[in-house]
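Have a look below at one chain only, the form predicted alone, in structure tokens format.
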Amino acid sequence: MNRAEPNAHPGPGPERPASSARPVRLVLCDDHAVVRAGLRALLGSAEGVEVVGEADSGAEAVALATKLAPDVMLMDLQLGAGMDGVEATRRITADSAGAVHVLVLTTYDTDADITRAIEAGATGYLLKAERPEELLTAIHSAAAGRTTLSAPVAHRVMARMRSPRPGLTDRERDILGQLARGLTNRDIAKALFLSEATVKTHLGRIYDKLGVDTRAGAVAVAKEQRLLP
């Protein structure tokens, strides 16, 4: 007598990712070769990600974005001499009409850096202290056009939205730059073709906006937040 085998017709197994799904095409941009090597080692073996190129400067990142048309550009902000990550982000998002998503990966989390990167068109902003799984999740989110922020960055953005501080005008930035060079009020006035009284007025506004009350304090905050021209 024939007997049916208990496992002759097994049910469907666990669902697997579709093998036809295209991986996220990624370009790395960092001016440190060791950092790029570490990222390539981490991401090159990650499921659903394909590292298609590396850049060590902002100009090279812009060129590769045009040549390779990746889904995501993983962008550092400080890239040594030449074009920085913010300007590279601005050019990449403009040239690709938003088709290439820029995900910032940096050690810097100042208000100025965050604001400049987001205004330049960055899809996300992560710190290098993030765990590998968080970075992978952010890369996939960026490829889909979704914004991802590191927790400290999100906190700073929310704090700034709750208590916005007026930004510096172009003239105030010019004066701040002269201040950082150690110029006196008289020298600043001569350099910028202003009266000393006007320089003093601008300095008072700069102090209020930066939350300081001395020239040294203004320069220190400006360096910390990279406000100098």
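Note that the structure is a prediction, hence the values are computed from the model and not measured. Each residue number is its position in the shown sequence, starting from 1.
From this point on, the text means the form predicted in complex with a further copy of the same chain, which you will not see here.
> Considering only heavy atoms, tell me if residue 129 and a further copy of the same chain come within 4.5 Å of each other in the predicted complex.
Contact with a further copy of the same chain, yes.
> Would you classify residue 160 as touching a further copy of the same chain in the predicted complex, given a 4.5 Å non-hydrogen atom cut-off?
Residue-level check for residue 160: no, no contact with a further copy of the same chain.
> Could you confirm whether residue 135 comes within 4.5 Å of a further copy of the same chain in the predicted complex, counting heavy atoms only?
Yes, residue 135 is a contact residue.
> So in the predicted complex, does residue 182 come within 4.5 Å of a further copy of the same chain, heavy atom to heavy atom?
Yes, residue 182 is a contact residue.
> Can you say which of 167 to 175, 190 to 198, 65 to 73, 35 to 43 gets within 4.5 Å of a further copy of the same chain in the predicted complex, counting heavy atoms only?
Result for this chain: 35 to 43.
> Taking heavy atoms and a 4.5 Å limit, what residues of 79 to 105 are near a further copy of the same chain in the predicted complex?
Result: 105 alone.
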